[in-house]
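We begin with a single chain expressed as C-alpha cells, specifically the form predicted on its own.
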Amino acid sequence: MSAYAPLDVPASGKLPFTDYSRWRLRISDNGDHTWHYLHTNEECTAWPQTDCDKYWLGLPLDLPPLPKPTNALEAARNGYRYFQHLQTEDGHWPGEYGGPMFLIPGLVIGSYVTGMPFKLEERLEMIRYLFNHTNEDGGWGIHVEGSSTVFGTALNYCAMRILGVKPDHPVAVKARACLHKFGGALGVPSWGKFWLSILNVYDWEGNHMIPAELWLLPDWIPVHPHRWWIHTRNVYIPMGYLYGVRFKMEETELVLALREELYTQNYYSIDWPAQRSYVHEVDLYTPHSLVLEGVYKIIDTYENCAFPPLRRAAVRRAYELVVLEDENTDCQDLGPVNKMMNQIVRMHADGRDSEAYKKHYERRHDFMWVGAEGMMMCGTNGSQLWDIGFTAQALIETGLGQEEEFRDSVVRILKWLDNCQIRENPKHFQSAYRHQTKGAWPFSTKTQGYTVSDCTGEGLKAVLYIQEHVKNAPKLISEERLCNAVDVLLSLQNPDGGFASYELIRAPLFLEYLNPAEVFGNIMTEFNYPECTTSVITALSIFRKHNPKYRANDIQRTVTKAVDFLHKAQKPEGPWFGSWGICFTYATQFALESLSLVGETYENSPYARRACDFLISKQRADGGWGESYKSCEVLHWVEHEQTQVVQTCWAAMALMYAQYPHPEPIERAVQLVMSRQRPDGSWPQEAIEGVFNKNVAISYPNFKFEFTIWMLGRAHRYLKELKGRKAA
C-alpha cells in the first residue's frame, strides 16, 4: 500500500513535522470539526488562520496584556475577554477531546485494513502525537497520563508502524523493548486481541468467542444485548460481525514484519487458544469473574460446533444493526471505537465503491484533531454542547452576560443552542433500540444525535438563563421546545430516583460479572450517576421557576425522588463520587448546586454540611485543591502532585452553592486561581480533567476557562454579600 509507505521522521516529536501555519479548522453547519492542510500561499491568504486555529495549534495569539485585575470579577472578565477569541462565528467553542490512547490505533488499523489512506500531513502529525506521548520506558498507557500497558504499547506500536515509522527508528526500538519486557503482545486485553486479529497479527483462535448470536434472542431476555450500556452494545455489534466472518487483513509485508516484532517467541509456535483469558497484570483493572469464565467455556465449546445457518443469521442481524446506527448518525456513530469497527463492516459487506464506504471515509475526519503535540483521535466528535452549556451559565451567574461588551457573544451562544437541540426521534427509533431524542441536547452535535441526560439538563439551563436573564435576548427556543426537553428528562428517571447517562437502566446489575473488557469498570449496563442526577434536578428546578404549570406534579415527584437518591449516594465521609470528571471535587460541586436549588444549604442540611467539611479538609496550604485521576480508579481520594486550578474552582463553587458561611477558604481559592492567570487573561493547561469507566482519563481543556470565569465571578458577588451579612 503506497499510501502507507515508510517515512523518514525526526527522532523526537518536540517540533512539528508539518508547517503549523497551514492548518485550518473547518466548522460545519451543525458544529462538526475537521482540520485541513493548505499547500499553497494563495490558499493560506484566501483562508487565514483564526485565533481559534492558532490557540489549538499552540501558536501565539499575540494578544496584548489586559489591565491587571484588582478583584475576582475583573479577573473573570479578563478570562472571558480571552476566551471570546476562541469562540467560532457560529457561537460555540471547539476543543480537543483527547486522552485515551487506544483510539488512534483503531483509526489507523481500521483505515489500513479497509484501504482508506491518510494525507501525508495527517500521518506525520499522528506519528508525532504518538512520539510525544510515549512514557519514559518507551511504552504507552491506556491514556496520556497512565503508566505503560500491553494494551497501549502493542496497539500504538502497530499504529506507528502502519503510519510509516521504520522498525529501527529509536522510538520504535524503545517501544518494542518495553513491549517485550511485558512478554510481548500475548497478554493484551480482549479489545487489543480483537484489533490485532483484525490486523492479522494475532490469531482469531486467541480470542474468546464474540457471539453475534445473542442478537437473535428474544428482546425480553434480561441479558439480551440491547439492554447493555449503549457504548458496549454498539461496540460488540460490529465485533460480533467481524468475529463471525473472521475478518483479517491480507498478509502484507508489514503484517509479516509485525508478527515478528510484537512477540518474544516465534509467531507460528504460539498456542493461541491458551491466550484467550491471559491478560498481563498491568492491564487487569477488572479481572474475569468466575461467572464470565464459565460463560466462556460454554460459548467457546459452542464455537467448535457452531451451526452455520445460525451463524449466518447472526452475522446478518449484526450487519442490519450496524446499518441502522450508521443511518441514524450519518456514519458518525456513537463514538470513535464503534465508528471504525462499523467502517470495516461496511467495507466488507458493501464494498469500497459503496456510498457507506465513502461516507465513513468522510466522517473519520470529525474525530481527528490537530493540537500542539500532533494529531489525535478524539473520544467523540467533540464536546461542543457540554462546553457551551457551562460557558452560558458562567456568563449569566457572574453577570458578565449582561454586559454590552459580551452581548454579541451571548446571542451567538443562544443561536448555537437553538441549532443544536434535537427536534425529532431517530430515523430508526425503536428498531435500533434507541431512547427518544426529540427535545434533547447531545454531548457534541445533533449530527451524532444521542440523548444524554446531563447534556439535556445543561442545555436547558443555558437556554433558560440567556432567554430569561439577558435583556432583549431573542426568544429563539419556544416554550414548546423547552417542554420537549423537560419531557426527555422526565422520561429518563430510574425507579430508585437516579439518572443514568444515555437511557434508562435496562439490565440487572449482575451483568457486570460478565464484563469482558478487563481494562474498564462498569461497562455492561447503565448506572445512575450523581452528576447526571444533579444536572436534571437543577434543570427542572430552574424550569419550573419560569413555567410553574407544565407537568408540575411530575416535576415535583421527579425532583423529590432524585434528591432522595442523591442523599443515599453521598459517601459517608461527605463527598459524591464522580464518574465523568475527577472526581470527588467534580461530583460534589454538582451535588451541592442541586441541593441548594431545593433549599438545602450548609446551615440546614446535614448532607451539605458534611460535604463542605470534607472539601475544607482537603484544601491545601496554597488555598487550592488537587485531586488525582487515581481517585476514580481506587474509589477514594488521592492527592495530585500539584494543586489544580479547575478542581480549585469546583471546590470553591461547591462551597458557595452550599452557602458556606466562612469566607476565608473561598478567598484563598480565589487568590490561587488569580495567581495563575496570565496577563492576557488565559490560564495554562494543567492535569487532565475528565474520566470514564473508572480507568480512562480524558481531556476537557475548555474547563480551565469555563469554571475559572464562573467561580471568580460568583465569588466576587458571594464574598461581598457574605461580608455584608456579617457586618449587619
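Keep in mind that this is a model prediction, so the values were computed, not measured. Quick note: we count residues from 1 along the sequence shown, nothing fancier.
Another form, the form predicted in complex with lanosterol (LAN), is not on view; read the next lines as being about it.
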Tyr285, heavy atom within 4.5 angstroms of lanosterol (LAN) in the model of the complex: no
Is Trp683 one of the residues lying within 4.5 Å of lanosterol (LAN) in the model of the complex, judged by heavy atom distances? no
Quick one: is Val235 in contact with lanosterol (LAN) in the model of the complex, heavy atoms, 4.5 Å cut-off? yes
May I ask you to state whether Trp416 is within 4.5 Å of lanosterol (LAN) in the model of the complex, using heavy atom distances? no
Hey, of 698 to 706, 657 to 665, 53 to 61, 30 to 38, which bit sits against lanosterol (LAN) in the model of the complex at 4.5 Å between non-hydrogen atoms? 698 to 706
Sort through Tyr243, Phe406, Phe565, Trp191 and report the residue having a heavy atom within 4.5 Å of lanosterol (LAN) in the model of the complex. Trp191
None of Tyr357, Trp580, Phe527, Tyr82 but one has a heavy atom within 4.5 Å of lanosterol (LAN) in the model of the complex; the exception is Trp580
Is it the case in the model of the complex that Gln421, Gln467 and Phe543 each bring at least one heavy atom within 4.5 Å of lanosterol (LAN)? no
Relative to lanosterol (LAN) in the model of the complex, which residues of 229 to 260 have a heavy atom no more than 4.5 Å away? Trp229, His231, Val235
